[in-house]
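Given next, in structure tokens, is a single chain: the form predicted on its own.
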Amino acid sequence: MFDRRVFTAGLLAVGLATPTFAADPGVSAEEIHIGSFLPLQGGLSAGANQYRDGLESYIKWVNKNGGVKGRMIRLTVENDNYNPQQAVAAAKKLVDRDGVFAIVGTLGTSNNLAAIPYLVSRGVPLIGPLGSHPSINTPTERIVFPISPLGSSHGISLAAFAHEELGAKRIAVFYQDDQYGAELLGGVKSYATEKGLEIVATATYLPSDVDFSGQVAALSKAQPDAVVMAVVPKPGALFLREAKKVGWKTSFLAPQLMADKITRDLGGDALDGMYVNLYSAVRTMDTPVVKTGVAALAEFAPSTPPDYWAFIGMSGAHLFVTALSRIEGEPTREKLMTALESLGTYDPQLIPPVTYKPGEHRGPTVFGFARVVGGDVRLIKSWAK
């Protein structure tokens, strides 16, 4: 016999067991699934693997401490081999096949630029792309939330430190012959023009170069008070080793990736005395998030030092978790972007302050400074005022 009360009770039970929200991709009652694509093989692999370790360690630390509002975070990382086409393929795989909620923590200017149009078409937030292009660091696309400064900002900050802190009046520039190098050179030129400084010499290199004797000879002949370098680790280390070999002494300044342990191991004591601008934490910074980062690496990636690559990799994860914790009700991509834009000018502590608000997403515009001394990175000043 049909019993309407039993049937109705059954429907109610089914209703109670079924989620009452229409979840965005990557969201379930138990977890949030995010993705990343990184050049885990190729020329940037050493840094990219430490970047991944920082990203993963922070997520694991959050999960160990209960996740975000009861949900665990699951991370899937794809290798893009530092190839723009593979970056697009990796993004499509993560979004279309794996169904991730957001992309968090990516590395490489050309890779990010290639993937952004696809992510825009799918409405997938990109949090923590590391690159040097204005479309990444001062984007017009709402989905992009940057963590790095403009290349020109590097040049301005390094030239300003050389002039204002070291008294340099004659500046030389050694730079990579690509957009990264050109943007940093542009920043140096801008500051020099404003302050009436003289750029006495410039020299370029290609990433495949291994002999820097010509560049060292040309720049040292100009007798600059300081040399600003727009370099990546291996060529930068080889350049400084050549300078040390010929006994050339002046003030050398570079972006922070030249002070990471990977670069310090390559350059040895040739890096001693080099100044770097800080756009990622150093382990001696006494802030809660940096302490958490050091502890997370010690527990989940003990072979990875708490240094530039790991801390900057963590920064995207920290920003994602901060925004996720602000969402009321069930998470959606739209709510995530709104939560990020509610941060305003926000100091994640792992990197200098970023600005996320409607109509303006901007990476850091201020820097700290440090110096390599005896193989260690000595903090001169933080970006915090």
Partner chain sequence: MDKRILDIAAIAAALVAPVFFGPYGHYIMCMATIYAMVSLSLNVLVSEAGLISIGHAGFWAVGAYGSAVLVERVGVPFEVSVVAAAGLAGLVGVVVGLPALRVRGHYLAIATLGFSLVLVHVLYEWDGLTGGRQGMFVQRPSLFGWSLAEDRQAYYLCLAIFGLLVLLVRNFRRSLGGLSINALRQSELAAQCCGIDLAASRLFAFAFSAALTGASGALYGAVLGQLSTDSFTLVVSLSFLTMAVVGGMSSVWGAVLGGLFLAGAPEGLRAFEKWQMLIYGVLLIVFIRVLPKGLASLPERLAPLIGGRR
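Remember, it's a predicted structure, so these values are computed and weren't measured experimentally. Numbering follows the first chain given and starts at 1.
There is another form of this protein, the form predicted together with its partner chain, and it is not shown here; the text below is about that form.
Scanning M285, A89, I262, L75 against its partner chain in the model of the complex with a 4.5 Å heavy atom cut-off leaves one residue, A89. For the options K169, K93, K291, K221, the residue carrying a heavy atom within 4.5 angstroms of its partner chain in the model of the complex is K93. Remark: P302 does not count among the residues lining its partner chain in the model of the complex, judged by a heavy atom distance of 4.5 Å or less. Contact check for R122: a non-hydrogen atom falls within 4.5 Å of its partner chain in the model of the complex. Looking at K249, you'd find every heavy atom of it more than 4.5 angstroms from its partner chain in the model of the complex. Contact between D177 and its partner chain in the model of the complex is found at the 4.5 Å heavy atom cutoff. Comparing 153-161, 190-198, 308-316, 129-137 against its partner chain in the model of the complex, the single stretch with non-hydrogen atoms within 4.5 angstroms of it is 129-137.
Relative to its partner chain in the model of the complex, residues A295, T322 and R326 are all farther than 4.5 Å at every heavy atom.
Heavy atoms closer than or equal to 4.5 Å to its partner chain in the model of the complex belong, across 112-127, to the residues L113, A114, P117, R122, ordered by sequence position.
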